[in-house]
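Heads up, the chain below is alone and in the form predicted alone; it's given as C-alpha cells.
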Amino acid sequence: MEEKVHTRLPDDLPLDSSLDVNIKNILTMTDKSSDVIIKNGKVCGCNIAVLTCEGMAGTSTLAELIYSKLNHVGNTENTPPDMLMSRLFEVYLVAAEQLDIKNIGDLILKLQSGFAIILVDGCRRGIAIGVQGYKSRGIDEPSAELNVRGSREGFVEVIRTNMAMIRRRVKSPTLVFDLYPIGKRSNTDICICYISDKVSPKLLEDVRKRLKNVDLDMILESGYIQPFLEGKGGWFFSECGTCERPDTFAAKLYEGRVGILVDGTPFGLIVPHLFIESFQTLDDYTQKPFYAFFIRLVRLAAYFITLFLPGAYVAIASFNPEMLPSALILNLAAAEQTAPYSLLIECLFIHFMYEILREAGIRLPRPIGHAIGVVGGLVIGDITVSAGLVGAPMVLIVALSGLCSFVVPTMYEKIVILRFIYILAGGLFGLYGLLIAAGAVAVKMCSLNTYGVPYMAPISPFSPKASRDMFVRSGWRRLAKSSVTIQGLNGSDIAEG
C-alpha cells in the first residue's frame, strides 16, 4: 500500500484563478481525505466546483439552497468568471451565511465546519455558504443541574444551538456574541458572551487576553481552556464556574459576568466565579424566600458536615473522648475493640474504598453501574464490619459524609481532597490540628482575587446590598428595585460597565 505524504501549504496562500490548481491544492492540504466531496459542473459557460465535507453539510439544505438554484441558472449565456461570481453572490444564491473566501486556509476551515464552497474557473475567490447539517443530540434536560420549576432545557454540544437558547431568553441588542476558532489543529469554535452595558470593559479585555494565550493544538471540551481562565488559586479553588443551563447562564451575564461557550460540550464557562454561588440554584428564585433561605442553610450545613465530620470524629474519639456522651463512648469502645487499626487508618481506608466504589459506578456501563451501589452498600460494608476491619460507627460517618457531599455537587472535587486533609490533621494533632488546617484554608480562600473580585465576596468583604441574595434571599419586589453587578461588590477593583 502506497504511503501518503502530507504536504502542508501556507494557510494564507491565495486562491488561484485556475480551478484545477485550487482543487489540487485542496486535495494536497487534506491529503485526499475521503470525506471531501467535489462536484464539478458548468454554469453560464464557466466550469464550477461545489465542495462539501461528508456528514457536516445537510443534504436536503444543500440540494435546495445550491444544486437546485444552479441547475435553474443553466447555461443560457456565456458569462465572464468574475461576473458569474458576483451574480452568485448577489442574485443566484442567497443564504443566511454567505462568506467571501480568498485563501486556502479559510477555505479548508469553512469546508470542515460544514460550509459548502463554490469555486469558479478563472476567478480568484470563492463562496462559502452555511449549510451545516451534522447530526447532534437534541435539546434535553441537563443531567448535572436539575430543578423542580423552570425550564427543562440544557445546553447541547452544538455551539450555535446554545447561542440561540441564550438569545431566546435575552432579546436585547446589548447581548453580544463574539464567535471565533481557537486551537491550532482542532480549530474549535468558542463564543464569548456578555451584556455590553453590564460587563466591565476591564474584565472583558482580561478574558480576551487570556483566551489569546491558549496555546493548544486540540480543544475538545471547555475544561481544556478553563485553566487558562483561572488565576494562581485556580489549581484548587474554582475561579471559573461551569453552567449547563441557558437560563442560569443568562442570569450570570446580567450580573456583569462573561460567559464562554465551547463547541462540542454542553458545559459553558462563567467568569468570575464566587464561593457563595455554589450554594445557589435556580429553584431558589422560583420558590418562596423563606423556603429558599431554609434550603440554602441545609446546603451550607451539608457542606460543613461532609468536610469536618470525619476529621472531627477521629480527633475527638482519639484525643478528647470526654467530649462525647458516656453511652456513646461505651458503644464506640465496644465497636472498636476488635478493630486491628487505629481510627485514623480506619477512616482513611473506608473513605478510600468509598471513592473507588463511586468511580466504579460512574465508569461502568449503566446497567452494571446500578449494581455497584448494592455491592458496595450491602456486601462490602457489612463484611468489613463483620470481619472487624472497621467499626460500625465509622461506616455511619462515611455514609453521612458521602451523602452530604452530593448536596453541593459543584464543589465535590475540593470536598474530597479537603476531607482527607482534615482527617489527617484531626487524627495526628487532634482538634487543634483540625482547626489550624481549616483556618489556613479559610485564610487562603479570603486572600483569593479572581479578575479583580474577591473570591469570598460578598461575605468577605461584606456587601450590604448584595446580602439580599446571599444566605437570605429577598423577595422579587425588593430585588427588582436595583441590580447588583460583580464590579459593584465591595473589594472589587474593576470599573463599572
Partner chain sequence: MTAENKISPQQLFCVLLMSELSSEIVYPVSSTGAGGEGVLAILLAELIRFALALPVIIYSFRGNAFYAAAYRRNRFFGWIAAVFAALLLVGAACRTLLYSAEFTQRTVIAGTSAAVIFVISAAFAVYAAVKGAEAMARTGVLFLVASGIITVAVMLADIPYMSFSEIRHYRTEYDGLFGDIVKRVLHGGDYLIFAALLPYVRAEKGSAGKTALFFSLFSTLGSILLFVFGIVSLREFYGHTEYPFAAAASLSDISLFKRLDGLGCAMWALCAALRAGLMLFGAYAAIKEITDCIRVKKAEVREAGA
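The structure displayed is predicted, hence computed values, not measured ones. Positions refer to the first chain, counted from 1.
What comes next is about the form predicted together with its partner chain, which does not appear here.
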task: Could you tell me which of 26-34, 64-72, 51-59, 452-460 sits within 4.5 Å of its partner chain in the predicted complex, going by non-hydrogen atoms?
output: 452-460
message: Is it the case that Pro173, even though its partner is missing from this view, gets within 4.5 Å of its partner chain in the predicted complex, heavy atoms only?
response: no
query: Would Ile38 show up as a contact with its partner chain in the predicted complex if we use heavy atoms at 4.5 Å?
result: no
message: Within 4.5 Å, heavy atoms only: does Cys446 come near its partner chain in the predicted complex?
response: yes
- request: Indicate whether its partner chain has at least one heavy atom within 4.5 Å of a heavy atom of Met323 in the predicted complex.
  value: yes
statement: Assert contact residue (its partner chain, in the predicted complex, non-hydrogen atom within 4.5 Å, options Phe319, Tyr224, Tyr354, Phe420) equals Phe319
- prompt: So which residues in 15-37, when you check its partner chain in the predicted complex, have a heavy atom no farther than 4.5 Å from it?
  reply: none
